[in-house]
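Given as structure tokens, the chain that follows is alone and in the form predicted alone.
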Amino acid sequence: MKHIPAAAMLVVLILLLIATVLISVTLGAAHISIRHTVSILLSRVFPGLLEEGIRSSHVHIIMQLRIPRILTALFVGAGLAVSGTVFQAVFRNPMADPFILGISSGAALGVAVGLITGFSTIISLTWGSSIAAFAGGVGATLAIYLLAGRSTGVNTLLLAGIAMNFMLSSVMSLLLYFNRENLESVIYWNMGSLSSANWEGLSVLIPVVLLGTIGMMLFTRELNALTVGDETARSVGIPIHTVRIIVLMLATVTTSAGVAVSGTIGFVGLIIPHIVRLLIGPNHRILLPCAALCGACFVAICDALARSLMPPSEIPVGIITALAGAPYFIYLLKRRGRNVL
């Protein structure tokens, strides 16, 4: 397959991102035209551009409800896609992603424990949930390494991650069974939802995703070498064990930030990196930024569908991404056959 030039791909994704934001911000129970939406947004920088006749309630809806939600969708999608790209490079397997490997489950379990024990409300719900998610995600990653033992083989680590995912999901179910008063809220949150997105959550999400993405992009050369194989990476002087730990931790923290504010949104880190890699090639120097833009668009579009498919009800966005991701996962399994690992 002939690859699309990187510059052209970036331009297309940026235009798609702008269109997605403009369309998404107009969707909702209150009908607000794109013209009024643009006027409200521009008035934040140039107050004189606010058109006459725009209701103050519409300004509140755009600035306090829809914009935080869309920004959350964009940064959660970007973080999950970049993290998935890194996981697939480290494990040299297109079916590796934070959701399947149990990283998202670990972060989700951390948040659930924080909510049930009250830890998440000691500081504030946002910061408490974020700390709990970071602890759960990092704990899951460390547990995968311990479970794999001394082996640093990618197959062993991948199997350890899948096993960890099953175990953490079981612990989550057991925890909810004995704390039924929190059952509904935790299960709905665990489905993945952006309905509670706010500016405070963005104050945690945006810095972590930006710093995590920049940190992972500093290792594009190493990721390219790891994708080829350990022997190739060693031959060019790359300390593969150290690099693996660093990039996995960066991807884990980035994933955990998304889980803390949106719950478990699965399969973004699976399908987006694979599709982008097919379109532009395996060079992580361009693959990571393109995956970030594509992941941002994907989650924002899924959230727009979640809000508009069954009004006035809202479908958890994690269900929409799973409906798209699960068939693609089956396709990958069928395509790779015995070469799954």
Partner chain sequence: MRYTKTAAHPPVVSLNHLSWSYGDQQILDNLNAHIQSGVFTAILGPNGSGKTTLLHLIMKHLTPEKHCVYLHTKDIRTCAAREIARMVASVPQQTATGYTFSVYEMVMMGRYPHLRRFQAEGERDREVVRSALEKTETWQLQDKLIHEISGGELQRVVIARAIAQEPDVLALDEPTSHLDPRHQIAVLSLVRRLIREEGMSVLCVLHDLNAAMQYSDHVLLLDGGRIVQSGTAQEVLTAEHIETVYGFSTSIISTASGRSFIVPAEEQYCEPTA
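Numbering follows the first chain given and starts at 1. Please read these numbers as outputs of a predicted model, since none were measured by experiment.
Below, we turn to the form predicted together with the partner chain, even though it does not appear here.
Enquirer: Here the chain is shown alone; which of R35, R44, R55, R285 has a heavy atom within 4.5 Å of the partner chain in the predicted complex?
Expert: The residue from R35, R44, R55, R285 that makes the contact is R285.
Enquirer: Check each of A73, A132, L248, A225 and return the one that places a heavy atom within 4.5 angstroms of the partner chain in the predicted complex.
Expert: Exactly one listed residue reaches within 4.5 Å, namely A225.
Enquirer: If you check in the predicted complex, do L218, E231 and I238 all have a non-hydrogen atom within 4.5 Å of the partner chain?
Expert: Yes, each of L218, E231 and I238 comes within 4.5 Å of the partner chain in the predicted complex.
Enquirer: Given the stretches 91 to 99, 73 to 81, 193 to 201, 263 to 271, which is the single one in contact with the partner chain in the predicted complex, using a heavy atom cutoff of 4.5 Å?
Expert: Result of the contact check: 91 to 99.
Enquirer: When the contact criterion is heavy atoms within 4.5 Å, does R307 count as touching the partner chain in the predicted complex?
Expert: R307: no contact with the partner chain in the predicted complex.
Enquirer: May I ask you to list the residues of 292 to 321 that have any heavy atom within 4.5 angstroms of the partner chain in the predicted complex, in sequence order?
Expert: Contacting residues: none.
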